[in-house]
Structures are given as C-alpha cells and as structure tokens.
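Next up is one chain by itself, shown in structure tokens, the form predicted alone.
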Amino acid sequence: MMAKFRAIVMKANDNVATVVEPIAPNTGVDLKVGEETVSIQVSEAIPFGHKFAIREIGEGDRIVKYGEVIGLATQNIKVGQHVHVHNLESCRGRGDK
C-alpha cells in the first residue's frame, strides 16, 4: 500500500516541510526525505501550504525550503513547530540589511 504523505520535502538540506493539507496539533506525519521516510510529531495546527520544522532551528539560522534559503529564524524553532512570519524573517529583497 502506498503511503499518503501530508507534507513534502523537496531537497535533503531543507529544514522545513510544506503541508499539502491542513494538519491538526499533535499529529504524526510521515515525510519522504531523500530515500528515507521520517516520522515527525507536529505540535501546532499547520494550515495548507504552510511549513513546519523537520529539524531543530536556532535563532538566526537559515530557513531552507525547496533547497533555497527563504529567511532567518527570529527565535528557536523545535521540530514539529509551525514556521511562518511569527518566527521567520525574510532575507530576500529587503534592501535594509
């Protein structure tokens, strides 16, 4: 039976997964990361199209999605936590940094 994945990770160096359907808090999610299937407990509600951490991310660390840096963490982010504007600062096209 084929596993149904509720989130995707495009590149092995990504530290977030993008959800393809809303996920309720305290839900276990299986992910395909390279050739491996990884199970992560999502701790918060994650809306469709949003991200959650698949690795510990420290304050100031780069957020990597689809193999590209999309921002910097503004606080420590634990595995399974929602990653969005409340804890991510864009580092693209700002002109102020």
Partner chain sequence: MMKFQGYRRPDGKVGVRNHVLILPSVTCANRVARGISQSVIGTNWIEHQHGCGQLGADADLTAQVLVGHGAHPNVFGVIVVGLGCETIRAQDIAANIKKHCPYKAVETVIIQDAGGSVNAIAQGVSLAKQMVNDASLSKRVSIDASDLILGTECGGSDACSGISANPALGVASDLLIDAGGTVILAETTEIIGAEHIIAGRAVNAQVAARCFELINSCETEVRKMGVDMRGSQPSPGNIEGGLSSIEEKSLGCIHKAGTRPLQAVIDYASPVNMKGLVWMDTPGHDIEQLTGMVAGGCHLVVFTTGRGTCCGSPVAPTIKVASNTALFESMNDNIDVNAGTIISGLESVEQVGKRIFDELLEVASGNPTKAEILGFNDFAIRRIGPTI
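Positions refer to the first chain, counted from 1. As the structure is a prediction and not an experimental result, all values here were calculated from the model.
Just so it is clear, the following notes concern the form predicted together with the partner chain, a form of the same protein that is not shown.
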| query | finding |
| --- | --- |
| The partner chain contact in the predicted bound form: residue 77, any heavy atom under 4.5 Å | no |
| Contact of residue 70 with the partner chain in the predicted bound form (heavy atom, 4.5 Å) | yes |
| In the predicted bound form, residue 81 touching the partner chain (heavy atom, 4.5 Å) | no |
| Residue contact check: residue 15 to the partner chain in the predicted bound form, 4.5 Å heavy atom | no |
| Any residue of 43 to 69 that, in the predicted bound form, places a heavy atom within 4.5 Å of the partner chain | 48, 49, 50, 51, 65, 66, 68, 69 |
